[in-house]
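Quick heads-up: it's one chain on its own, the form predicted on its own, in structure tokens.
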Amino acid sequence: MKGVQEKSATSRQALALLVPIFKRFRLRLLAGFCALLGVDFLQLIVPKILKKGIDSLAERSADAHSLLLLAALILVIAALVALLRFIWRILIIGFSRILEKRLRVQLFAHLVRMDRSFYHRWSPGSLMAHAGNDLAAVQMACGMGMVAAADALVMSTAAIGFMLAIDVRLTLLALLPMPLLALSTWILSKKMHLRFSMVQQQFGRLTEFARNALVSITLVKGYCLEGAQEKKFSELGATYVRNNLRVAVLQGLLHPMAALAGNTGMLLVLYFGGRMVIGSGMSLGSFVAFITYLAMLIWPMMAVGWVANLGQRGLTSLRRIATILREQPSLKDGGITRIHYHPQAPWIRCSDLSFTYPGTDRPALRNIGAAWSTGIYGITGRSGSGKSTLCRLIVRLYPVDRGMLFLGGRDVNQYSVAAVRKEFAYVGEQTALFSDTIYNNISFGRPGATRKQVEEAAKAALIHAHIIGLDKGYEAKVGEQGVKLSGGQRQRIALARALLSNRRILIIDNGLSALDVSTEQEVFANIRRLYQGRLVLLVSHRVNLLARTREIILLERGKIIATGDHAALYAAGGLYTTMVDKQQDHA
């Protein structure tokens, strides 16, 4: 996981996430725990039946009919226990799955609302770990963990009560090891929390590395780095195993300690209770019932370690999830939800716009002043000059101070973020395609678009002919990030998606860079035709495109160093002239 600046959520803040879900399903949980209590109650009756049967045998008052009745009663109880166990599993374990699903949906909805600043701090691998391992740990804690805790509490309390009713001194002897077990569980549980946090963090790193390697598999193979990647993955895996083993050490201590406490109590009861039976201080039936209740008590004692483990895992994971959910977007919504453009006023205006990326000191943009109305405008400059940063600020991927960026004559901070983004279609150099069909990738920009509209957009982007030449046409899948397509084909599909969205402003950030010159010129002509009366910002290094724009701004180290049309900039000399001459020399 990348360096996360957000302070971790407290246990109270984490548990607050569960309160609404528990309230919503309180009747279901009540019914489930009633069934669980019914199971415990029925199990506690069995030793009394055994006591009665054994005492009647010892007193020679039993007959076949009475013993058959007792056996039938035990069978009825067993059948009821089986039925009630089925009911509580459906209700309580089912609830834990519902809780997991609701938290997952809440987490996903939160992630898709977060802005770029958030994703500078959190890597996709760590977020995937939260959506996988962490949610599974919370589900286990709120499912079997909660059941085991309630079951252990009820069974231990009831069993101790019945044992006290039989013999107080023997009960105290049986419970003698319990304080030591409680103290050791408390100490080990605190350490468990810290060690499990390390396990989850390392799992995030492992997931992120695997994701990066698979997404960049062509690069890995191209540089013959399979061995190096395997070695690094193995090292990360070894660290993950070591962290898990440190957790396993504590888990391995909790269970044997609970078993030792329970079996020590059993030895004491067998010795002292056996002497009481021999000395006629206790009936054989009472002794068997006491042993049975003590055996029932051993499970809760052993469950202490397991429940503590599940609880610590669940709470640690819930705190990690709550930490993410506490993060808020750095972009704040304004109250205006509709944007109106004035014919005589600039659609977009930058006024002394400056910006520095989070975690860096060097400004990416400095004192940008520019205005664009309808038409096609060019933005150019060397790599790293701030072209893409300017585009990202315009489409509200990062926050800007008030008075620096205006849309429709108003400060963008006065609008809701959604209102601003609905104005823009964006095509970047690094195209984002889903591992889905071509049709779904294009129509993503306009849900509900007809087949004809999708095809018209593809034709305008000059990709339709290639699509229909594929085996499945528009239903062909493009693979992860469009791996089955060339760079130019990916860019044209992304452009088709943008054109289909039919937004008022189109930003192409080097989104035509992979096209050949003739295709580029034809696509540009289609854009000019479709966007008459609207605004296009074209970021490019190709002067044959820039020459056809209404006006060009030239950026250098985050500042505008020249503004004008192609002829004026070329005549002025300097960087733009050098760019034109070099491209003409290589033509």
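Because the structure is predicted, anything quoted here is derived from the model rather than measured. Start at 1 with the first residue shown and count on from there.
Keep in mind that the form predicted together with a small molecule is not shown, yet the notes after this line are about it.
(request) Indicate whether residue 398 is a 4.5 Å heavy atom neighbour of the small molecule in the model of the complex. (result) Yes, contact at 4.5 Å.
(request) Would you please decide whether residue 280 lies within 4.5 angstroms of the small molecule in the model of the complex, comparing each non-hydrogen atom pair? (result) Taking the distances in the model of the complex, the answer for residue 280 is no, it never comes within 4.5 Å of the small molecule.
(message) Taking any heavy atom pair closer than or equal to 4.5 Å as contact, tell me whether residue 362 reaches the small molecule in the model of the complex.
(response) Contact check for residue 362: yes, within 4.5 Å of the small molecule in the model of the complex.
(message) Since only the chain is shown here, I'm wondering whether residue 28 would be in contact with the small molecule in the model of the complex (any heavy atom pair within 4.5 Å).
(response) No, residue 28 sits far enough from the small molecule in the model of the complex that none of its heavy atoms falls within 4.5 Å.
(message) Among the candidate stretches 202-210, 288-296, 388-396, 436-444, which one is within 4.5 Å of the small molecule in the model of the complex when only heavy atoms are counted?
(response) Within 4.5 Å of the partner lies stretch 388-396.
(request) Could you spot which one of 382, 459, 422, 410 gets a heavy atom to within 4.5 Å of the small molecule in the model of the complex? (result) Of the listed residues, the single hit is 382.
(message) Quick check on this chain: which one of 102, 120, 89, 232 has a heavy atom within 4.5 Å of the small molecule in the model of the complex?
(response) Looking at the other structure, the residue within range turns out to be 120.
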